[in-house]
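Next up: a single chain in structure tokens, the form predicted on its own.
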């Protein structure tokens, strides 16, 4: 559901137009086309819009100007907007994805392992951009195996064990790592989720 609309049967474009943005865990295989340019990777979700195309032709002069602005804004280190994404560093590839997804005006942003393999400077940059989206009112679903990352960014934490949710925790000063660990290892389960599991078994 996005803004009250069921999009489970919609196409990828329709889901994106409904307000969904997605930063996948695998930035090479799923997040980008490695052989394509930075420009092509950024406009892949908007090339058909009136600003970027006319009479069925992509307005590359406008597209490249748009991408130069995003390269500057997201601090993407590249010699050109036409540079192949696959030749960039891992951090800069991630920034290309961030530039595309964060400027798609999303209502919901799904972010999977956003800082895997990045250096400290790039990690701080990603955190700042995610917090920026939260401030703008977007709902952010962070999927991460990095507990430090979750505690830094999340307002509420859903803990999973064995493929199911076992706890829903407010990320406040009272929350201890040990408590999260017990849920992660299956030692503990909140009563409401135990009831869900029992009802599923009897269904």
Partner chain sequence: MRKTLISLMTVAIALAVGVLAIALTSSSPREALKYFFTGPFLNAYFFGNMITRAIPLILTGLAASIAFSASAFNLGLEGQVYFGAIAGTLLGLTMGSVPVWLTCVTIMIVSFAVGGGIAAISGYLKAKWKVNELISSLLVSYTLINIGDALLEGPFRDPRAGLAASSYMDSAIRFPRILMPSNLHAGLFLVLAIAVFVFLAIRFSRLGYEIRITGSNISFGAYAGIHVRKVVILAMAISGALAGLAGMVDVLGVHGRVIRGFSSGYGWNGIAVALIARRNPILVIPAALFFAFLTSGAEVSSFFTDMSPEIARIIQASIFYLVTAEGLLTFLKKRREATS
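Positions refer to the first chain, counted from 1. Just so it is clear, the model here is predicted, and its values are computed rather than measured.
Here the subject shifts to the form predicted in complex with its partner chain, a form of this protein not shown in this document.
Residues of just one listed stretch (114-122, 96-104, 129-137, 67-75) have heavy atoms within 4.5 Å of its partner chain in the predicted bound form: 96-104. Proximity of residue 144 to its partner chain in the predicted bound form: non-hydrogen atoms within 4.5 Å are absent; the residue sits far from the partner. Of the heavy atoms in residue 40, some are within 4.5 Å of its partner chain in the predicted bound form.
Put simply, residue 22 is close to its partner chain in the predicted bound form: some heavy atom of it is within 4.5 Å. Taking the partner from the other structure, its partner chain in the predicted bound form has a heavy atom within 4.5 Å of a heavy atom of residue 47. Between its partner chain and the residues 169, 28, 161, 154, the one pair within 4.5 Å by heavy atoms in the predicted bound form involves 28. If you take 53-89 and check each residue for a heavy atom within 4.5 Å of its partner chain in the predicted bound form, you get 53, 56, 57, 58, 60, in sequence order.
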